[in-house]
Structures are given as structure tokens and as C-alpha cells.
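Presented as C-alpha cells, the chain that follows is alone, the form predicted alone.
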């Protein structure tokens, strides 16, 4: 039953149309790859230009045999890629350098290095889309795809078991009898005359603006959107599958039906301590009240490297890489005092830890950004900086 339906469809839609038009081309079929290569060399060498070779699979050497010129599609890709790079550059420059400036560690508002991945992605995207559009609309002249070769014995063979070549009647050197004699001398198994087919081209000169074609595109788009929406939002979530989208949880900033005040985000219970975290006991106090506890971390290479890394990230934007107060924020934030003053050098480690944790003047608290051990590691590294910039004479004795 199903087979009969398919045969009926084939008879209705795949039947050949009558060839009543003028001569389109003379074609020939060959049995071996060597024959088609030799034929392509002979045809191109004889001065024919409007011809083509069709094979059931790609063949090396045909380009040279046909003396094909380099395709222009590469220039399209180059121009599209350069346009994508330029647009990405201008987009990022405008967004982060002009329209919405953000101070991030004293770095320039527009920085070329982190912009390269986005520029690369937009280059590839615009180049690929433009190449596909040009191949469809310009080089292949779609949707006008009515080629006289379709639905011919020649096309059936070159897509399955034979190698074919044809020369169009529009070629300046075209002579029907001479071409048939040429193909026969080259060993062609079959030679065909291919006539034009009378197509209903519609009322529009440009097929891409044809009402039926545009209507079909819109219809296909609507049906695809409806099916995609139904599949992605309903079909995939039919019981028992919910893909963990529905869970007994509360999303941030959402209303709670459980608590009386309606807030889903709850404050920690007063008086409790989170596991692995001990609150800072001198929070909010003046630094003169801080108990002088020693730095709990040993002075090792690993600790100093960790301290340097965190100092460069969190401290250097304002204090500078060497703690001299030479801010890298280019006047966008108040410049702090140097960390090499007598006052700071005479401070105990606990006093510096207190300032990092509690904040001071315009300096905010870094309690949330920097862990406790990393704060102590920063202090070790700061002592190294102070020693390097204020070394006593004893450090130079014997050197």
C-alpha cells in the first residue's frame, strides 16, 4: 500500500516535461574517469568556454583539465570577514570605550586583547552567512533553479554511474555537428541533444520576489516556529520527563508562598555561624582596639606568590604595583597614601589585616572579596615590598 502511494507520487511529480524549446546543449556520457578527463582537456583546449563536466563523485584533476578560472567566492568571503572584524571592533569600542565605561582594575576602557575573541567570532559568523547567501542568491541564482538538464537521461546517469560533459548552444564556437563528431571521436557511449523546457516563470521578473515563493517561505517559517515551540515547550516535558525544570526550590528575587513576609531570600539566623567561617570579632571597631595577633601563615615561597597575586588583583589598582600610592585608575578614584610611610611600616600585621577587613576612609571592606588566608598572605607580600623599598644598611653589608 505504502509502495503504491510512493510510486503514484513519483509518477506525478517526477515525470519529465515535454522538450519543445530550442536547443540548449549537446551532451555526452563516458564510462571511465580517464575518458572524462581526456574529454575535458580536449574541449577546453579547443576553445569552448560555456561547458561543464558532471560526475557521480568528486574527481581530482578536473579543475586543471577544464582550465577553470579561480572562483570569486573567496573575495566575497574576504570582504564579509573584514566587515565582520570592523563591525565587532567598532561595536566593542563604542560599548566599553564611549557609551558604558567600567573601571576594572585600572585597565583601559577599550582593550584590544580581550576584544579579539569577539572580533574573531563575528568575522566567522558574517563571513559564513554572506557566503551562503551569495551562493544561493547570486552564484546559483536561486530560487530560479529551472535548469534544462533536470529530468533528462543525461542527468540520471551522471548522478549514478556515468561521467558526462555538455557544451551549451550559447558558446561562440558552437556547431552541433562538429561537437557530436568530437564526442564520438573521444569514445562517448551516448550523445544527447538537450532542448530547453518551457517553464511558467510567473509575472515577476525577479523570481525571488514572486508571491508564491515568498508565501511558501513565510508558510514554512510559521509552521517551523509552531512545531519548534510545541516540541521544545510541551512535547519534551510530557510525563514522566521534566528535565529537572520543576523542582522544590525558590528562585532568587521570587515571591515566597511559605514565609509570611513573602520574601524567598532569607537573612542568616541571628547568632549562627556558617560552617568554615568565623566572624571578624573587631568588625566596626577603631584600629586602636585591635588585639595584636600574629600572622598565622608561615613565610614561604608559595605564600608570597599567593600574596603577590592577590595584591596585584585587589590592591594595585589604587596603591600601585609597588604600594607607592601611584594609582592606575587615572584620576577616576581618590589616590591613597603610600604603603611605605613610617606609620604603615610600624603597624602590626593585625592592624593591616583590620584595615583590609574593615575598610578605612574611602577604602571599602574587602572581607567579601578576599578570603582570610589570602588577606594574611597579602600582608606578607606587603612586608616584602616595604623591605625592598626601605632596606636597612645591614641588608647591603658584605655585598
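Numbering follows the first chain given and starts at 1. Nothing here was measured: the structure is a model prediction, and the numbers come from that model.
Omitted here: the form predicted together with heme C. The next part is about that form.
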Original post:
Taking 4.5 angstroms as the cut-off for heavy atoms, does residue 48 touch heme C in the predicted complex?
Top reply: no
Original post:
So, in the predicted complex, is residue 343 in contact with heme C at a 4.5 angstroms heavy atom limit?
Top reply: yes
Original post:
Would residue 334 count as a contact of heme C in the predicted complex, using a 4.5 angstroms cut-off between non-hydrogen atoms?
Top reply: yes
Original post:
Can any non-hydrogen atom of residue 68 be found within 4.5 angstroms of heme C in the predicted complex?
Top reply: no
**OP:** Just give me the single entry in 109, 134, 314, 154 that has a non-hydrogen atom within 4.5 angstroms of heme C in the predicted complex.
**Re:** 314
**OP:** Kindly indicate whether 339, 356 and 363 are, all three, within 4.5 angstroms of heme C in the predicted complex, using heavy atoms.
**Re:** yes
Subject >> Per-stretch contact check against heme C in the predicted complex, the hit in 347-355, 60-68, 26-34, 39-47 (non-hydrogen atom, 4.5 angstroms) >> reply: 347-355
Original post:
So which bits of 370-386 sit within 4.5 Å of heme C in the predicted complex, heavy atoms only?
Top reply: 370, 378
